[in-house]
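For this one, two forms of the same chain are given in structure tokens, first as structure 1 and then as structure 2.
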Structure 1
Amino acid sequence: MGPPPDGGKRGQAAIQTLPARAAAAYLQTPMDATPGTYDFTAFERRWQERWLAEGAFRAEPASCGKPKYYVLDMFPYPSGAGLHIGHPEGYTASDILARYKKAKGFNVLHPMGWDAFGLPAEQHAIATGEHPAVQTRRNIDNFRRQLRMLGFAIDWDREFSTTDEDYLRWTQWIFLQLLKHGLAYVSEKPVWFCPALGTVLANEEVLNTPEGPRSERGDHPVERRPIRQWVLRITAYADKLIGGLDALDWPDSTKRLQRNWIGRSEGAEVTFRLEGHEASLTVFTTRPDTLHGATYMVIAPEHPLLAKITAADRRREVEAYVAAVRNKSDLERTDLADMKKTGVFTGAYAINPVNGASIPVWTADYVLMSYGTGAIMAVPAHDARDWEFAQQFGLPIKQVVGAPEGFDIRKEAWTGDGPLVNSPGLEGLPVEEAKRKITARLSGKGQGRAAVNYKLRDWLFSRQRYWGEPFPVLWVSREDYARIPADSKLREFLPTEPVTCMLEGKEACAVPLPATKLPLTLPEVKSYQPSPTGDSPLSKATEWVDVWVDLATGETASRSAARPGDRWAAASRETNTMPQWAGSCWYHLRYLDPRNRDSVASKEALTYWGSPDFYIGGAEHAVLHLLYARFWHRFLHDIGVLPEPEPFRRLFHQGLILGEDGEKMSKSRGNVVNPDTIVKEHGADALRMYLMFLGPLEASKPWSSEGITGVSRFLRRLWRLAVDEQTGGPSARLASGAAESEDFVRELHRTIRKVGEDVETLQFNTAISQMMILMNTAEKSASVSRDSLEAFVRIAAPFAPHLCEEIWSRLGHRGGVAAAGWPSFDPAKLVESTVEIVFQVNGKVRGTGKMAKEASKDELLAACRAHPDVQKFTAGKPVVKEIVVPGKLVNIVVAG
């Protein structure tokens, strides 16, 4: 708010009429202020401080006896840039819901924390040498300040960061549970490596672009490299993760994304004998019904059988082909847009189990090693990829499913349904029936079985980074592993099958630390730079990495010293760290009991609060965070830690807020809206309300500077309706004694109903429009009663909490506005008691009149006759007929 145009003269004049003390206080308020000025800067701050001091939004203990409501926001990564305007959009939505539920009598939990491990802090550390923890702390302080500035009703007592040791302990504990239950292992398969980021990436973090595969973060090229990795067996949960989706109140698009990502395919595995070889080749097919149409086979270039079955005279060509495709990504290999196929004949032949036909075995890169069995039976008549390949290499195309008349199998594959043809024993059957029949027949003969495949791959769970959770495991030799005593503390999380890997050419086994040794914290390092070979910066912290471990107790000692005793073994710590997704997999649980030293959260807290009732965050997390968190939650449920299987029953994605130019906000476009600036200019309430007024919450919508002025004006009108400009006390109109207009009363009850309904369904923009309509009728009403005004303030409070608290207190209340509860509406008051009646003369409208709904025919007629405009047309003319339609119209028919 700038100085008033008259240079503060008004202010000076006012001071002379005020007593000295009031004048002194007055001088601290803006120059044009009176005690009743809408001075949001002062009161917003005051309320924020008071809420904080009073712990106004502290959730009550489970024993309070109230029903619970748990509102969760996707917690932010505290970046150096501070809050983005998209953050307060989602946070305001959840805040309105939280405040509304509190007013409705629920024990509300609305917590906040920080997802603070991750790459940007590490990159900052590489650039400046400053420890990531230092920068993280600074950023968190800034984020916290900004969230408080927006007045969110957060229970700050429960705040934590994923980087806190106390939190880290339990992230590591959950990882060890996964390890113990056989769901964590180490692999050295080729993985996505991003040289620019110096780390590997999960499949979910790599995008297929026209320039080839690139990192989702930073848009750098990525390549395949064999690197030792921790992997979580999320595939073991594929079925549960798909099955669980049905019961969730989530956006359909997100459910669909998860379903497709998991990609469940039902089909069969069929085994083909190979001519002249002991080995046989098993394929996965979703179309066992087309087995009679299999005219060749393809095995992936990485398939372990390839070298074995390749004929001597084909070897050179096959090897050259294998070398040529090594660096291609799965994405490139399966790109449907690129129909041109490559491949070479192996010289081997397989025998079709249904008809004994001998068919050639090829290798081609359109078959991936990572899916199914890494080999296929090719049915060019009914699969588009096989059709292309057969065309290209002159392989036979044999139709086994009938196509509609006129369809030419020589021009394209027929992938639709139809009666089976050219398939003895299946002929005439529709596809689904034929699938069942042939699968049963193959199973009977031991040549196949029904099988299910998933697109979902196991989750690559390690990164070559510093700023992440260290893995709480030690690598020891196989011999030392065998020496772990039966009663050793190290057996607490020991898996049934050892997890092994090759370390510097020797086999090593993973030994999980016992819970008493958690958390394993990060060592200090001199440089945060990953090595070009892809080793984590931790590998250089040799004092930390290389230790002696007591095989009985898990005690460790520096390897610089001599071996402390017989029971001790040489061990190396894992130098990879966990990906940022780890911390966000279970934070929703820690809020329930954030200071618990003995468990993730107490049984009591877990039982009372359960899973969040409402979860809001960006749609970009549809498959990453939301899938990983479901996996961990389900796992913890399965091992008896959690009462409920699913973490997020109701999910909502807020839409993007675009720049004023309608484009995505970005620094380079210069269209970024900074919450700090807006709050300074218009106040937090105006920002909150405007964010909700912009449009449907789920829609993408552009920011508008003018729009926020409009909302600001509405807030000022509400203020003026309640507060007297001169005295700063309740407005004189509240006690005017005049009657409230019927319109206003009706609109008030309508608004109470609509805002309640809209908040439940997150239609905040329409709730605000309705409040604006109410404002218009309030201003037109001769008076507004105190009760009515208070009801208005109570429903506006979740949207503009500072303003409404301020009004509430100026109306003389001591407790917070939420404590007054949510007003109820009177259905009887919703009905209009008057209707507009149309007055006609000879069928032409000559006027209208507001009449009581139940006015009698005589009353209506009298009113019509008395209307001056009607009289103009009836004067002196004989009345022929009078027609009265109650509640609608009166028509007077005159002669002449």
Structure 2
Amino acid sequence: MGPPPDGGKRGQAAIQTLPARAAAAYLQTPMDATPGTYDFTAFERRWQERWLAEGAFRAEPASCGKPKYYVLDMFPYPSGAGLHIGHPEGYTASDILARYKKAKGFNVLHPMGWDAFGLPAEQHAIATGEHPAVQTRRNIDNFRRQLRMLGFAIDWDREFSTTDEDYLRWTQWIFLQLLKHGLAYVSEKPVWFCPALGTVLANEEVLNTPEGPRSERGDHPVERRPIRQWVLRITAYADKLIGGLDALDWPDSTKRLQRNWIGRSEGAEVTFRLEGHEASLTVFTTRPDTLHGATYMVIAPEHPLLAKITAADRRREVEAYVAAVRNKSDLERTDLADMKKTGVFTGAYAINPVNGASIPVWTADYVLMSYGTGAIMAVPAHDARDWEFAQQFGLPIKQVVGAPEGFDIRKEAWTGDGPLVNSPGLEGLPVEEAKRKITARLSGKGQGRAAVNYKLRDWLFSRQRYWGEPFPVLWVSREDYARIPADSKLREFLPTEPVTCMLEGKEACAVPLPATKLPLTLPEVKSYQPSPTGDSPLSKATEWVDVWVDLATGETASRSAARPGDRWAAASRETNTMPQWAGSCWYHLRYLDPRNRDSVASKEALTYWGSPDFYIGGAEHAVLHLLYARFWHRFLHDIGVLPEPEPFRRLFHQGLILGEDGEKMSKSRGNVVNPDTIVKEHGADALRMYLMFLGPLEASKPWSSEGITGVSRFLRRLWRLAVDEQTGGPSARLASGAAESEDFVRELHRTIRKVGEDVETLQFNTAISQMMILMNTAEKSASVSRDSLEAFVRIAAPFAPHLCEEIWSRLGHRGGVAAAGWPSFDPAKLVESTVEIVFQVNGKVRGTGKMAKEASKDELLAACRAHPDVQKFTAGKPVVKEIVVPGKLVNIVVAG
């Protein structure tokens, strides 16, 4: 596999950017020796190096006695392009929250690692011949540099990659637990295959074109082929995955997407006997009440019974149809916008179990083998797709649910509720009652039963790739499988029922490696190109694939040598690799105890840290990653590994940062903004604050190169408020001796309260706006006390950490600004002692004045009479009336 991406230095508190001696000397350097110019390049780099040298953001052990707070960013894939300006948005939000919680006294865990297996690195290897590990290390180094450049408060001691052997061991261990507990099996599944490239393609690599599906790379035609796949039985957890959503603090839209993806439906399974055949067709329907309206059946082109039931005179047409639709995607086949339905009559007939009617069986591509049973009863009067199909092919339409007066079933399907009609024994019943009655009737006759169905399919968990986690599985013959001794180490993860498949025409049984033989690492290969048959590049590594295995110990030896002994058996390693999802399913657990060699994480770490308190990432992961991670986590909880059933308590999706043209950033549009360029021009603090100031965190916002200058000015104003630009020491305003204005003190305490509340609710843009208001007030005050300035710096520090650390040190503090804690506000200071009084003459406003809240009526009148703008309209005129509303206004009514 090659060396780990960090060169093997992970886990050490080594200073990677400064030699230890230089770092120690730096820490002794007085901060006020630096000139007072606002040189963000110098002080940002200085503080990044110091944080790294000191391990400033290293999480404390569980024994520290502090409450914990675990902040987690979605695992990044280190692409060769590095970060663009949209990536740091979520990282900045989580960093502000982490720094705030640390200031509030929490023991904060804010880690980072790399989801480093996957297709892009393999494609690069195929194109260049360079080992995927080499490019992966290079990309990780660049990502790490960029993240440090932005000053994120990350515990770098916990960094790891999914490609690290210590991590790989436990990914494989979790898979073997799934295998042991009957949740992993092997099946042939149709996948996209490109004959020209000789490779299996992921769905996202296939383009739907007018000429049919074609490869994104090379624009070659692709086809569906059945290929042996490992599959995880995620459907066994469907109900738990739905039920667990209720207790989670997640966006409603994400919960809704997960529920829809799982797609739980209650209904009935109904059996239709096939005329002239011993076989029967079973369908799942949510509307058993409409059985009397079933006028034909449809089975998927992939249905295993299709060839058996097709009549001889229909075979050629059916086979041609199956070939024609083979390469359509599921999305194309279920597209409701495509009104033209296609299908072919099989020549077979089924018997409707409720009325004995003989109905034709068709095959059509709008029925999927992956949903339900791969067969449906068609009720065209009450289903839009069935109605369209019946219209297309002239099939009967029979209404069995009452529709409103005037509704014409000949023009469209009635999909609403109503009393049943044309249904002997059910007529007049409401839909729900009819469902129960007909299901009970079918059950009593052995022709049906109540059932629950899911749209969720079992998880295809293998790829025909090189750069992925190897499966720690050997394939042996059925005879050798039976020879495994009762006390063999190979029985550690052996499932109750053997997992089998056909290899080279012979049945083979899966034998999992024992834990002592993990991790199983990737061998070196000469080519990363998959074979023309669609097999993984690993299939060509015969020295690695073909082995002898000791059936008692699990030891292996190459089959290029003679059999070592009688208890050894011929075996072949699995040549598929795990998908990239595998490593991202459980990384949140490994951060808790990343160097543990005895378990996923220690019980102490799991009990103390639990699951992340805050998880942030893009909405594009709302279904698959989150669903897969929840499945693994719940499984590990069920077998006693984890104390909590759910992995992520609180989830947040940040919005997109769009290009200046308002479109999604992409190289093809030429609107990508590089954070390196922005940091060089404006500094990391300005970039961080501007990303948060653009608008609500969850909204999509366009980037503006001009807009960031306003945030840059704010930071420079904060610098000038605190630092004397001539001497580099504290500003002379701090020692002026003049009193702070009451307005500034009140605004300071208002800001402390609001920023704290806004950080907790992730309203960072309004928090920054409030700090800008405070800055305006501070600049109008005759003086700012050291205590007030320090409070200002402490609340700004999570947003602009480099600047605030620099100011904090120049104010004479040796410890970091976060160590000073979060300032508290005084509610009494929020109350204004003065109010603005409106001065009117004859009901028209002529001026205003600040008055004490407790000012008497006489004092208010005197102030109004003395106001020069009031005197212009009252001089020499007799006063008719004087009206005083305490705390609000004075109105002098004059004659003439």
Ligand code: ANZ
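Here, residue number means position along structure 1's sequence, counting from 1. Here the structure is a predicted model, which is why all the values come from computation and not from measurement. If you superpose the two forms and keep the largest set of C-alpha atoms that fall within 1.5 Å, you have the rigid core.
- Note that the form predicted together with this ligand is the one shown as structure 1, not structure 2.
- After superposing the rigid core, the C-alpha of residue 90 moves by less than 2 Å between structures 1 and 2.
- Annotation: Cα of residue 122 displaced by less than 2 Å between structures 1 and 2, core superposition.
- Note on conformational change between structures 1 and 2: the chain splits into two rigid parts whose relative rotation, smaller against larger from C-alpha fits, is 10 degrees.
- Comparing between structures 1 and 2 on a rigid core frame, one finds that residue 304 has its C-alpha moved by 4.6 Å.
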